[in-house]
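The chain that follows stands alone, in the form predicted on its own, written as structure tokens.
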Amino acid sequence: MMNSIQQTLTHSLDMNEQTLRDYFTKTPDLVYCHLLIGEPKKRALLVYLNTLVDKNSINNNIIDPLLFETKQINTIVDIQLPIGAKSYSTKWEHVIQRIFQGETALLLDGDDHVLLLDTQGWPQRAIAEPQIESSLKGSHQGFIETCEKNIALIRRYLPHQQLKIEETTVGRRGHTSVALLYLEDVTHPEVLQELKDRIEQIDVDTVVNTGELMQHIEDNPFSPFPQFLLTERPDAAVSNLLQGRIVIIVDRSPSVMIGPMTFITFFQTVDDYSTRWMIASFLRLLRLLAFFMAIFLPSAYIATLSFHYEIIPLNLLLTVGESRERVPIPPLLEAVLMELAIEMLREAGLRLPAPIGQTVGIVGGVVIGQAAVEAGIVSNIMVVIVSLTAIASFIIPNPDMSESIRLLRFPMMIIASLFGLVGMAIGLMLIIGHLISLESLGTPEGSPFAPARLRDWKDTILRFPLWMMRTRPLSARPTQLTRQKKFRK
């Protein structure tokens, strides 16, 4: 059977239909519609998957015009139908792939060509507000699971001829559609070619969503830090396109992937550019403070109590000692137990329906924390430390970066319990060294700090006024540096 699929069609309609029936066994949603068209009557066959097509389009735009056709039909090219997109093919492999994508195949007796008609019509979700990346002043439209709709959302922001779209498929069985969007006069061709090469090398059954594709093409799969940005916001995708980055849309996925990225971009949001620069800069400083608190606050507590209690003021030390007098376990075990409890509550909240998940999170946190303190398992101070750490991790705007930070918290607690503040300093140096060596699509993720690019610092920890940011960031390797002209003194 495989050999016949790799071959071309024949001029016999009966033989072509038999080939299809041999291939599509146990496929009850595949429809064979036999027709007699033209004058004199000639046999034709419509084939489509009933679950993937728009039935109204087939009835109104294909079957009705064919039944009332009165002119002579000699070849498939003579058939004219009011369908926007259509193509011809003689290869079985191409025809079967298009049928699986929701197109309708029209075969004519005596012709070895197939007319493929765009009749896709599977169930789709309406465009709604992003669930993860909410915004105060930005758009309230988010990406959905259909590639064409996501491209349309981006085109509404960038109706420009330099916005290029290249489509490919990934997966031997799933044939997942992947679209690369970029500005041809801004994006560096080497970065684009590197991304294309990595996608072409993927050899898997299918790619279910954007997260799977990201793991196949990232530079360092053993790093805890994300190397591509996933977003469900069209305005965020367009903002990165204008900086020279590439947007990757995976069909059937509600978020798009953006690369190459830098570490600092995971702490930026769309709202940073729609608020006054002083407010945006303050919020970015707050997020960076939250980054360090989320990683180092529990380990600093453990290191201080275990090795360096002399640096604690006497009054505070007495308070801490009073809080811990009934706790029989060391600070490390106390912190690990509470952090694991917080992670379990978070996972439970995510897996349950939204109203129940919120209730479980609030009730679980209050009840477990209070009960643990009264039972003498943990101290009041530890409950405060863990609560502050959890809040700090939730401030990080990117979910992938937030998860990485929560994971790094545990090895930092262990190293702090073994070596105190010296161990924390070693852990910090290891994290910084790893970030400096990390790359995203071959570009340094530590940019613009390592390597230092002072011109890009206008949009990093602080956000300068928009009229002062006249160039695109060098970290994205744009071929056109000027973003806007100087129009203010």
Partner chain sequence: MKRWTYMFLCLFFIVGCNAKTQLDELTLALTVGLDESQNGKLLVYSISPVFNKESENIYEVIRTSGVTTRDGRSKANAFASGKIVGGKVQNVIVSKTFAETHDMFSYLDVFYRDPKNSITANFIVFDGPLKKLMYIHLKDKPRLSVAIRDVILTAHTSKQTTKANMLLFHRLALDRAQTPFAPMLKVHKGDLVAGGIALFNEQRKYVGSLSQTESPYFSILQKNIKPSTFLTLAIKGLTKQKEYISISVEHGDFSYKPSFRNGTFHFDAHMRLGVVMTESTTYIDMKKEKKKLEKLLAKEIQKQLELVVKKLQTYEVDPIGFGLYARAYEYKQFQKQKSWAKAFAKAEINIHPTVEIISYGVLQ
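All values reported here derive from a predicted model rather than from experimental measurement. Positions refer to the first chain, counted from 1.
Beyond what is shown, the protein has a form predicted together with the partner chain; the following relates to that form.
The partner is absent here; in the model of the complex, the one residue of 157, 307, 277, 122 having a heavy atom within 4.5 Å of the partner chain is 307.
For the residues 399, 321, 174, 365, the 4.5 Å heavy atom test against the partner chain in the model of the complex is passed only by 321.
Heavy atoms within 4.5 Å of the partner chain in the model of the complex belong, among the stretches 94-102, 313-321, 284-292, 141-149, to residues of 313-321. The shortest heavy atom separation between residue 410 and the partner chain in the model of the complex exceeds 4.5 Å. Among residues of the shown chain, residue 325 is one whose heavy atoms approach the partner chain to within 4.5 Å in the model of the complex. Residue contact check for residue 418: one or more of its heavy atoms lie within 4.5 Å of the partner chain in the model of the complex. Proximity of residue 189 to the partner chain in the model of the complex falls outside the 4.5 Å heavy atom cutoff.
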